[in-house]
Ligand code: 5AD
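As structure tokens, one chain now follows by itself in the form predicted on its own.
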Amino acid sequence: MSTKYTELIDKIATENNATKNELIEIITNHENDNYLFDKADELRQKIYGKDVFLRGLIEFTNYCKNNCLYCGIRMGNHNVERYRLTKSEILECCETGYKLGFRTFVLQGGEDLFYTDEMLCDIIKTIKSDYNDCAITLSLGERSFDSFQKLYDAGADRYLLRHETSNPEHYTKLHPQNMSLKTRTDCLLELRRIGFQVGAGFMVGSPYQTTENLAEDLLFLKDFNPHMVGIGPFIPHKDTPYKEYKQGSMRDTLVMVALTRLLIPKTLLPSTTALGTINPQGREMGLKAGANVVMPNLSPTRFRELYSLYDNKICTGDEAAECRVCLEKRVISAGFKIVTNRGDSKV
């Protein structure tokens, strides 16, 4: 273990700040990973203790108007069987989740124009009426300011919108020409201005990503100071242009999670399903590297395989209760405890 790098990690942990070159040094040096993870774990426990927050994921539509080059539910993928959940099916997921102790529901889907603002607001208001002690998180992609405002006024509390990369040139290599990084970052700023608890994030190991890009993403997050940060490895999907591209590494993903914790100590950090997909112990390792959120799937099992953003996604055949019990065992085995409250960010 290099004293030079441990001192640098200590400095970042103390100051909650770093330069681009300092971040690149940590990312490219593999000798001190365990020290970095320990410092991130120590800082997370100082703020959140050993608490791990549950989020009930409801993947309610796999239709999407976008054609992102890495995504399995991209508009151009004609091999995927499409589905949409009805309001009653979404509410059934919430009922199941509430009985299992979930106090946050995450409504996630592709950018599906079928669901109008009126439909979504009706669903949100009903969930809030039925479960007034719960938070609602939305992950629906880019929308207009007026749309975001309506969803917030209806009772939505949080909004997840991963920026995917903070480098404009890299962004163009992952997305079609009609999408832009400026639009994405403008949406994040609008969500914050409206009053949402806002989540950003990125893939690790995405096509054409450089170490410099990773450092830039961390600095972008530090500047934006989101309430939540979703970080997971890139995993290729067989029906996308990047199907032959290698997946992101476990090590690099954990380093990004740990550095995010050091830079934004109070943020909420999921240990993602994608981590568990590339390594059987991935989610436990994510928690030990500074993460403090897990997201079991509440979607009906008959639809889970169809919400395929990447190949070989885990837990597609498990019932909601199975996911809940399995994850709790994993969390406990890693030395943490599940907390059944809303789990609001301290940012």
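The structure displayed is predicted, hence computed values, not measured ones. Note that residue numbering follows the sequence shown and begins at 1.
Keep in mind that the form predicted together with ligand 5AD is missing from the display, and what follows is about it.
You can rule out all but one of 85-93, 234-242, 208-216, 148-156: in the predicted bound form, only 234-242 has residues with a heavy atom within 4.5 Å of ligand 5AD. This chain is drawn without ligand 5AD; in the predicted bound form, the residue among Q108, T277, T267, S166 with a heavy atom within 4.5 Å of it is Q108.
Here is the short version: of I136, C71, L120, M228, the single residue with a heavy atom within 4.5 Å of ligand 5AD in the predicted bound form is C71.
Though the partner is left out of this view, F53 does not reach within 4.5 Å of ligand 5AD in the predicted bound form, counting heavy atoms only. Interface membership of L309, defined by any non-hydrogen atom within 4.5 Å of ligand 5AD in the predicted bound form, is confirmed. Looking at K125, you'd find every heavy atom of it more than 4.5 angstroms from ligand 5AD in the predicted bound form. In the predicted bound form, ligand 5AD stays beyond 4.5 Å of every heavy atom belonging to L188. Residues from 199-230 that approach ligand 5AD in the predicted bound form with a non-hydrogen atom within 4.5 Å are limited to M203.
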